[in-house]
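In structure tokens, one chain follows: the form predicted on its own.
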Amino acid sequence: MTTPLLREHRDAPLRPVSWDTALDHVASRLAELREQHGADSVGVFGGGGLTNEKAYQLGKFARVALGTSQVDYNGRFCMSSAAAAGIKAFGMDRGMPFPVSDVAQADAVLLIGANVAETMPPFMRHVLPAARSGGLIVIDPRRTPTAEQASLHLQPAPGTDLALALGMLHAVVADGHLDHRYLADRTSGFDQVWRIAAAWWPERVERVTGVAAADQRAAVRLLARARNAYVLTARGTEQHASGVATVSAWINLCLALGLPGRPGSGYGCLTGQGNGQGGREHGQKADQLPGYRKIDDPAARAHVAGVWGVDPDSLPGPGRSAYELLDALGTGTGPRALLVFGSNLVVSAPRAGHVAARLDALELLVVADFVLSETAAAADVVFPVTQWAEEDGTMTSLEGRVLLRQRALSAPHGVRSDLELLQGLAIRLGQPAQRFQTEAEEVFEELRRASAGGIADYSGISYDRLRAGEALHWPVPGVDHPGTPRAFLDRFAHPDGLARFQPVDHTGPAEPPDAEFPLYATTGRVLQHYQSGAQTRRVPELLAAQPEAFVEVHPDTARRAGVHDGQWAAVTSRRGQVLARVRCLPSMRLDTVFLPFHFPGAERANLITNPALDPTSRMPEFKVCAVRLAPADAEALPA
């Protein structure tokens, strides 16, 4: 897209207009809604693909220019459970508190719910040394391309990862692998955790998960006997209504083996979006201010308000988390307008049909994107904004390293940056222009001051240092500070310096299979497409390689459901139905089907997913729901 689009009324088509016309229209409608219904009548939804500067400016725009508490982002759907578990255990969330390259030196690597061969192929080179030496363990309900490389593949029923972690912890203790000195010197709370894990002996876990007790013990031996070992989690084990507890259980296993905070070993979370780490640090989350500060902390509010030049009391408090924000749209108590930056909610949100209906109930939907995604096509106003190669900015890798992304191309005529868009709206809403800068480096200089003293302290990072090639991992609290590539080597981030075991127990998925919906459904990505597919489905070669939704199913399960390989099937849950072409795979569990979530319309996997939320992270349970499988009605098939 190279020009703004505007819809005069809900039934009218989008038509090209000038930037001034579109900005004036949006600002006028926002001002009217705020005057009539209050600041929280406007919501803002960001994305984990935004640069640090844009994520920072978006959170500031929401709280200062709009005065709304209703701001969150799609990273809530990605790393939030691992982030919350990391904070509980270590006092700090940094996806990997060590450089990625360290993993290549490990004798053993445990990947849980991570299909990196398809979702982040360059990462495979870091785990292949462990694979070649017989030390790669993969936990996944599917026999993925990553699992094909593993020395040991554990294939639990979806939603039973926590039980598996408890069984493996039991084996650590029962088989004599507990690191007693590490527990005494560097941790607290093991006794409470052991009281729970003692009841989860591997044979009991085998009955719950389907993973053989011998394989549980073998995995523990590989980790315990390794000189250097890493445990890495991803969405498969995190996107559950018990996601924080599940990740905490894996961290408990790491602590029992003495891995975190030890050179050459540790626990890490594999982030899923381009700026998954930085996107969650600087204020586009409902409960957060820049520097990974909490928005309800008076000292944090005072510091950030001072940088912004506003009264701390003018800043709103915490708002709704991502799904709760979407669920409230257009209701009596929810936002009546929503501004969306870098997210395709119609495809990517859980219970997607319901979310689309909530978006349709809005009085104003505004989307900033560079392609006409399914969400942009439903908007009242669409702004064409620059993409990654057309703008400067920083991003923060999964290892906490801040990277400078420099413009390689000029944007097409008529396209502006998100920073320019935010300034244009802010000025029309009565803000001084200098409060919302449009040059990325100037925004970053302000971000440095706002993050100073916070957990994610960027104050010592500058564009000049990044241009000079310095590898700077936060925190970097001073201009002469070398950064912190390996956190926790001396102490963890809790006041006493100790890591904390978390007592957690297995409860199972929020929606187990039953007679009406007898199968587990789980979702994920494929090599050819990325996230909602809004970009990759526009690349002819990628679309030709993977043109439509499919459902992986065991041949025996397909036969019982009355479907066969290559046939279109309907996968139905309590929330909706998705159409997908059957792929019969003998490696699938008999009780499980798999769907990729990249496709639109009737092929949206998220039409069936369960929005049950984790009580801490507010992560929806994307990775498991109860479904039934049947032949698709001929009249319902995609064109």
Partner chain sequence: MTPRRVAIIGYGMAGARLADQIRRHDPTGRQVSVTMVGAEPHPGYNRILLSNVVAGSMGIEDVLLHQRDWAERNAVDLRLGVSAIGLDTGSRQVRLTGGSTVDYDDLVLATGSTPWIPPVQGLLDDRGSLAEGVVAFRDLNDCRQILDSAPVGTPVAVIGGGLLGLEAARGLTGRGNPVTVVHQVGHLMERQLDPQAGAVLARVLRDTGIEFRLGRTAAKYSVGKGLELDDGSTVEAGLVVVSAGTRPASELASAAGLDVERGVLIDDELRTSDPHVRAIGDCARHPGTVSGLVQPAWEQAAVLADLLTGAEPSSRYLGTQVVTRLKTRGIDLATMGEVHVDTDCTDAEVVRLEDPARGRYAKIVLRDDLVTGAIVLGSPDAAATITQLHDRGIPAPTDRMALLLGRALPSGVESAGVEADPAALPASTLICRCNTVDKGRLVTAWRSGARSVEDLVTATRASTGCGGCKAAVGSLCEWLTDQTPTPAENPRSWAAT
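Computed from a predicted model, the values in this text were never measured in an experiment. Numbering follows the first chain given and starts at 1.
Below: the form predicted together with the partner chain, not depicted.
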Discussion item. With the partner left out here, check for me: in the model of the complex, does some heavy atom of G38 sit within 4.5 Å of the partner chain?
Written reply: no
Item to complete: Answer with yes or no whether A131 is in contact with the partner chain in the model of the complex, where contact means some heavy atom within 4.5 Å.
Response: no
Discussion item. L527 versus the partner chain, in the model of the complex: is there a non-hydrogen atom within 4.5 Å?
Written reply: yes
Worksheet item: Counting only non-hydrogen atoms and a 4.5 angstroms cut-off, does P122 reach the partner chain in the model of the complex?
Response: yes
Discussion item. Residues M92, T536 and D633 are flagged as a possible site; in the model of the complex, is every one of them within 4.5 Å of the partner chain by some non-hydrogen atom?
Written reply: no
Discussion item. Counting any heavy atom within 4.5 Å as contact, can you tell me which stretch out of 473-481, 336-344, 271-279, 139-147 lines the partner chain in the model of the complex?
Written reply: 139-147
Fill in: Q192, S314, Q567, S410 - the one with a heavy atom within 4.5 Å of the partner chain in the model of the complex
Q192
Discussion item. If the cut-off is 4.5 angstroms on heavy atoms, which of these, W308, Y520, Y323, F488, is the one near the partner chain in the model of the complex?
Written reply: Y520
Item to complete: Just give me the residues of 556-590, first to last, that have a heavy atom within 4.5 Å of the partner chain in the model of the complex.
Response: D556, R559, R560, L585, P586, S587, R589, L590
